[in-house]
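First comes one chain, alone, set out as structure tokens in the form predicted on its own.
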Amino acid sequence: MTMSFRIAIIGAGWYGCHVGLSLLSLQMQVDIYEKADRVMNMASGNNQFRLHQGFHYARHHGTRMQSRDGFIRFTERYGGLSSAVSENLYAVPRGSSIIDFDTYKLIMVSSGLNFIECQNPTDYLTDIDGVLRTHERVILLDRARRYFTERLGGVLKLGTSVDEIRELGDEMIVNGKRYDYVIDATWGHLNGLPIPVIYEPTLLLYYEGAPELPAVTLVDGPLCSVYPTEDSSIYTLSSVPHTPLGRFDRADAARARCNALTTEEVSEKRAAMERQILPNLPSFCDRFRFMGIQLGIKTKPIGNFDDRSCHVYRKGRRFFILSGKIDTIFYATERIISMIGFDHADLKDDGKGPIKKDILLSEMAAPSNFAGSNS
């Protein structure tokens, strides 16, 4: 079966760009609508730029497995759009983690994740129950933007807001143009999602530090992390309790919260995050110099905050993607292609189920004196 369909993709982040490139390789007609003047301008360009293997998700097996497998596929497909972090540590603090080090380690072993248990670098980390060293990567955002902008070419409709989207029989209408399917890759920012979600505006802090300082993620629970960016001398500081700026049931309310952020609030958040990390990384303020902030918005399913795996939802001829990770772009693409393929599979129903057909075929093939089977 040849699948040659007209597909409109809304949103040119990592998911919109990768799905679009994949559909183009299948000879589909694709348009990618993006209201900003460049790709990866929203969530894909406003995050910690880290490519996980699953060590973040001790409490959600599905997310952990998707991250593990997605990491391998991402490095194979887009290896040149990320770089290795030279020293990447996951540390379990003594007393403040919700699970102990042995339990954390057992979860990762049972998940097939590779790591080296290492000695706590006492000149860097203190009050630590155990440390794992593992290979993870940082996304090269500028290179990714150039890569997809070049390869998607005229397919990209940058600086174009979607003002109309409606279903008309077997077609979808987007800004007056007809398509067979629409893929909403805006995480609910266009017209919401078909499941209950919250929109969480976030504040990351940028710091300057010496290149090649260890990346540190304190696990598991309401903890924090220091992670490098594509510039090896620039790091981000994030915190589970202090990075969020609130939770809202509408995307526009979350954007308004970001726009209303004051310098006083930034100072308060900075002080809270630094207080949080100092007990375990006491030299933080000596090694890192505050530079600025980064604002973003996360979309999360209600009542399941540990689940950051990828889901694809469908309503008629419209698909909605929701994921908390970059590396699950492959899962989303495969789900969409499989659902479109099933729509157009030639599954004729002659009224006979497979068991009845097998019985009839057996009767026709059996000799007339057949009386039974030999044991």
Ligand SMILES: Cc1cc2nc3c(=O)[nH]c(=O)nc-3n(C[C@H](O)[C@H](O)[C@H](O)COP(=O)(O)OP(=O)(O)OC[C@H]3O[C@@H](n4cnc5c(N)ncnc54)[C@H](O)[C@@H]3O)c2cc1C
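From 1 onward, residues are counted along the sequence shown. All figures in this text were calculated on a predicted structure; none of them were measured in a lab.
The form predicted together with the named molecule exists for this protein as well; it is not shown, and the discussion that follows is about that form.
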(message) Check Thr75 for me: does it contact the named molecule in the predicted bound form (non-hydrogen atoms, 4.5 angstroms)?
(response) no
(message) Against the named molecule in the predicted bound form, would Gly16 count as a contact residue? Criterion: heavy atoms within 4.5 Å.
(response) yes
(request) Find out whether any non-hydrogen atom of Thr186 is located within 4.5 angstroms of the named molecule in the predicted bound form, and reply yes or no. (result) yes
(request) Check whether Gln48 has any heavy atom within 4.5 Å of a heavy atom of the named molecule in the predicted bound form, and answer yes or no. (result) yes
(request) From the candidate stretches 35 to 43, 22 to 30, 335 to 343, 311 to 319, select the single one in contact with the named molecule in the predicted bound form, where contact means a heavy atom within 4.5 Å. (result) 35 to 43
(request) Kindly indicate whether Val162, Lys298 and Lys325 are, all three, within 4.5 angstroms of the named molecule in the predicted bound form, using heavy atoms. (result) yes
(request) Name the residue from Leu125, Val155, Met172, Leu190 that puts a heavy atom within 4.5 Å of the named molecule in the predicted bound form. (result) Leu190
(request) Select from the listed residues Thr134, Thr202, Thr217, Thr229 the one whose heavy atoms reach within 4.5 Å of the named molecule in the predicted bound form. (result) Thr202
